[in-house]
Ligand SMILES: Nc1ncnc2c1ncn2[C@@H]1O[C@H](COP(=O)(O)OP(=O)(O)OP(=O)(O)O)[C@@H](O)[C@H]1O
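One chain comes next, on its own, written out as structure tokens in the form predicted on its own.
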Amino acid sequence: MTSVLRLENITKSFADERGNRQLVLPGVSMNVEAGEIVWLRGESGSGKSTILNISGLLSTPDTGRVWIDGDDRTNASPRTASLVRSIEIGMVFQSSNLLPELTAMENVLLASRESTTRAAMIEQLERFGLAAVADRQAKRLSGGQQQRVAFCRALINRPSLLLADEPSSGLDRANTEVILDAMRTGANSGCGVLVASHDEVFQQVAHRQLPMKELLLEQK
């Protein structure tokens, strides 16, 4: 199998309110393979989001290396990091981060790197049960619909890596099932998926589980 994400001996610390450095990641190593769903388990504050931010090149580790699709992206420039995210990485957060005044379709089109027809975009939205609200402003969508738009946007460019941070937070069972199906679809097409959550529902789709307590304990 091919690694789409590899973290090698990642350390990360943050300054507390007194200016003292608090170590969050003490040398974490892990990988995600193409077509694999990896569930990063742990409670809030355990370091899950820090790992996802580093994996998505939104944050730089203090030490260690970050490999995306076999390329060392540890010290990527902001421009290069942005380009890698737009081509190789799809990201979904607890908040959908949609542009509220744009429609569901416009939010997805904004992320698309290829020209497409309305019919093709409707087909993409239909995969997430969103065809009927394609022309509705994001601010007028329900929370579940917004999160489904976020998944459609994250997968529109067929990324090799999908990162999802607490994506089921606040969703009902029906919307959560759509999210799980989106992860399965992405993995079946060869995308590696890393989902960070304390929600046990991801046990249904994960090929591997990485409990944060064990991951951090391994480094001590």
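Numbering starts at 1 and follows the sequence shown. All values derive from a computational prediction rather than experimental measurement.
Another form exists, predicted together with this ligand; not displayed. Remarks below refer to it.
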query: Any non-hydrogen atom of residue 45 within 4.5 angstroms of this ligand in the predicted bound form; finding: yes
query: Interface membership of residue 176, this ligand in the predicted bound form, 4.5 Å heavy atom rule; finding: no
query: This ligand contact at residue 22 in the predicted bound form, heavy atom, 4.5 Å; finding: yes
query: Any non-hydrogen atom of residue 166 within 4.5 angstroms of this ligand in the predicted bound form; finding: yes
query: Stretch in contact, per heavy atom within 4.5 angstroms of this ligand in the predicted bound form, of 187-195, 26-34, 151-159, 49-57; finding: 49-57
